[in-house]
Every structure is written in structure tokens, then in C-alpha cells.
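Have a look below at one chain only, the form predicted alone, in C-alpha cells format.
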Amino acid sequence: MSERALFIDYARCIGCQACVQACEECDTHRGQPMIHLETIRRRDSVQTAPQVCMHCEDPICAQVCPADAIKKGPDGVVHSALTHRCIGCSNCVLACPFGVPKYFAAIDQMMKCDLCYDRTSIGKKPMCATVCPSQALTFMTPEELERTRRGTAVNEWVFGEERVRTKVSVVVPHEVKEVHVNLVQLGKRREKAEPDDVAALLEEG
């Protein structure tokens, strides 16, 4: 049987923030949650979506780090910036296509989800998956997911012409083979921005 992995099923998220609270209480996070909830189309819906580090196979955060402070382990987990190496430049913050790394000025360091490495490296669930009451965040084998969920797991992302493959997968309908993310072309004005389209509203000024 395959190893257990983290899966995100956005359709199951109920916005309870239990994952955020559990993450914040982790001893190594200094009171900061490494997970956040996005609200999808705020005008029309109350649907929320948890966002954790997706642990890219070829992590751009590590590529743009001038201090070589971000490391990917042999198991595919991309670790947060090493304290003694991070210079707080925020290159990783700007480069991440998922908007995950956060810079904390008080400690002059980037921090992000490391998949609760102290737990997952010994087979335990990450804290977010442990407390999620709807199992929107779940830590199981691909076989268990296939047996218990209606959708299928996908870890292929397309951002414009860029393709990204991740260790963390999302649950989508069976006909979906990869997730396409629309990009905003800066400097190109739209006819009229939707009230919940923050990027377009910023373009309008």
C-alpha cells in the first residue's frame, strides 16, 4: 500500500477554522498559523478553502532563495526557511504561486507550513488533518482516498504556461486531470471589474 499523504477536498470545508487554530498552537510556529482560509467568490458564497504549502516537486521558493535557506527533503517535504540562513528578503513570498510563505518582521524570517514534519515523518497526521471535522484536510493513502471519496486526487497545476506538480493533492471531479489557475495580466484594463474580483478592482484604481 502507498504512503499516506495530505489531500485537500475544498468542497468539504465548512470554514470552522479548527485547522488554523490547531496550526497556531504548534510549538514551532511561535503563535502564527501556517495555514489560512480563502473565501471563494465572497459576494455569492460563504465557501472557504484551506490553503497549506503544496510542497512543489520543483519548489520555486527554494530556487529564488539567495541564502539557500529553503530545503526540500528526500521525502518531498519543502521545509520552512532555516533560521540561521534566512535573510528575510521575501523572494520566496513573491515567487510562490500558491501565496503560502509569510514574512514575519518581528523575527525577520519567512515561515511556512512544513507538513508538521515532526509528526508526519513518523507516520502521524499533521495537526490540521487531525482536527478537521469535515475531513476537508485528510491524511491517508491514495487507495483509501479512492475508496472513500467521490472525486479523484490531482496534483498537476497550470499557471499560464507554467506547470507545477505538488506533493499535496486536491480532490476534484473525475473528469478533471489538472487544475488551471487563471492569471491576471497586469496593465491590461478590463471593461468593468466584478465587485469580488480584488485583482481587477486594484487595476481600476
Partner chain sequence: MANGEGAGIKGRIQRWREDFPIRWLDDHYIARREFAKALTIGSALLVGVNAVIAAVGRWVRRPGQMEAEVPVGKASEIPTGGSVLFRYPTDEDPCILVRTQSGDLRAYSQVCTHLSCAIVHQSEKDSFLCPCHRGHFSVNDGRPTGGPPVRRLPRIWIEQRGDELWAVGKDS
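Since this is a predicted model, take the numbers as computed values, not measurements. Residue numbers count along the first chain shown, from 1.
There is another form of the same protein, the form predicted in complex with its partner chain; it is not shown, and what comes next is about it.
- Put simply, Gln63 is close to its partner chain in the predicted complex: some heavy atom of it is within 4.5 Å.
- Within 4.5 Å of some heavy atom of its partner chain in the predicted complex lies at least one heavy atom of Gly73.
- Using a 4.5 angstroms threshold between heavy atoms, Pro50 stays clear of its partner chain in the predicted complex.
- In the predicted complex, at least one heavy atom of Glu57 sits within 4.5 Å of a heavy atom of its partner chain.
- For the candidate set Glu143, Asp68, Glu178, Glu38, a heavy atom within 4.5 Å of its partner chain in the predicted complex is found for exactly one residue, namely Asp68.
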